[in-house]
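The form predicted on its own is given below as one chain in structure tokens.
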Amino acid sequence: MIQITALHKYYGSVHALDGLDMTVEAGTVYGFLGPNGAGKTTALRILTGLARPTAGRASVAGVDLVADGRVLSRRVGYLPEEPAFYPWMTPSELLDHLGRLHGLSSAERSRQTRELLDLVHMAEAGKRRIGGFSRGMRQRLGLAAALVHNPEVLLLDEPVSALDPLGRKEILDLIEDLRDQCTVLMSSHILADVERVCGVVGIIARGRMIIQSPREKLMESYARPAFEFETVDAASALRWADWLKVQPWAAAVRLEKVVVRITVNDIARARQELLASAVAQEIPLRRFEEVRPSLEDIFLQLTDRETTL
């Protein structure tokens, strides 16, 4: 459904995309990952026709990107990271207007407006002015707007970043259900969300694809054992994290306030030494557990390796 071959995009001396290759099969929910500045948003803008590549080829739903823009727009729905709307419009007016632009009949527009507002839990706000909406409400409305013409491909740039936990769960459930209706390419920095809903994952860095693989196969191939410790204060966590970083059996150490997460390349030795070292260094522990390796662990492992090459 999406095919990208040797795609380049230059902004002066900056190579936003540097020979990107990517394939997205029909019916897939594809997680598109990469560090800030890796080229994700640039690639999404090219796939929507909002930007032109410097070199390379790309097609969406069988439409080459050099084709007529209206042909592409009928097949693609796009939710940018921060959708913008006319503030004086209501959601009902906006969806009706977009349906008119896509050639929907009056009856189709009325049905789509009603169903989509229900879908994103905004039926009660259908007659309110968009100018008073929170960012989370605008993001919900943006998803409805992207779906108004029943696109074959849905491109989502950070679709849940502005939502509260309940809103995130509702939208992720919706995205998961969309796999039966269209192909979804979802860019997100919340890797737990990608791990939950995406069947295939592609990771890019420096404008190039590092790896793309079914999620479970990626987890089996790259996941390393991990341990997580919670200390009683940030100073202890920092002191212990610094010590762990130089141990030969430690592959990666991540510190978040009072929580230390360590990925290891020798689980037997780690089991022997971790608690012993905490006791020896008088690290006050609140919690200690061996945890399931996450997609975030693999992402950091692969992107750290790429950026140090």
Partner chain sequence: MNFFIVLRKELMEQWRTKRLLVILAVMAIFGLISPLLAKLTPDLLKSIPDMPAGLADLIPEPTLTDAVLQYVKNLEQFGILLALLMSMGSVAQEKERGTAAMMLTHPLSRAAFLLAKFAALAVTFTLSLTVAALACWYYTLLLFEALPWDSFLALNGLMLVGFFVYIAATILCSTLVRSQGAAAGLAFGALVLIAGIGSLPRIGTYFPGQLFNWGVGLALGAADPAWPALWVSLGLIVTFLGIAWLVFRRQEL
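A quick note: this is a predicted structure, and the numbers were derived from the prediction, not measured. Residue numbers count along the first chain shown, from 1.
Below, we refer to the form predicted together with the partner chain, which is not included among the displayed structures.
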Just one stretch in 166 to 174, 188 to 196, 204 to 212, 87 to 95 has heavy atoms within 4.5 Å of the partner chain in the predicted complex, so which one is it? 87 to 95
Applying a 4.5 Å heavy atom distance criterion, does R269 contact the partner chain in the predicted complex? no
For F229, is any heavy atom within 4.5 Å of the partner chain in the predicted complex, or not? no
Heavy atom to heavy atom, is G49 within 4.5 Å of the partner chain in the predicted complex? yes
Is R45 close to the partner chain in the predicted complex, meaning a heavy atom pair under 4.5 Å apart or at it? yes
Consider the chain as shown here, without its partner, and state which of R74, R179, R114, H121 has a heavy atom within 4.5 Å of the partner chain in the predicted complex. R74
With the partner omitted here, the residue among V160, A145, L154, V200 that in the predicted complex has a heavy atom within 4.5 Å of the partner chain is A145
Tell me whether K40, V259 and F299, taken together, all sit within 4.5 Å of the partner chain in the predicted complex, counting heavy atoms only. no
What are the residues of 1 to 21, in order along the chain, with a heavy atom within 4.5 Å of the partner chain in the predicted complex? K9, Y11
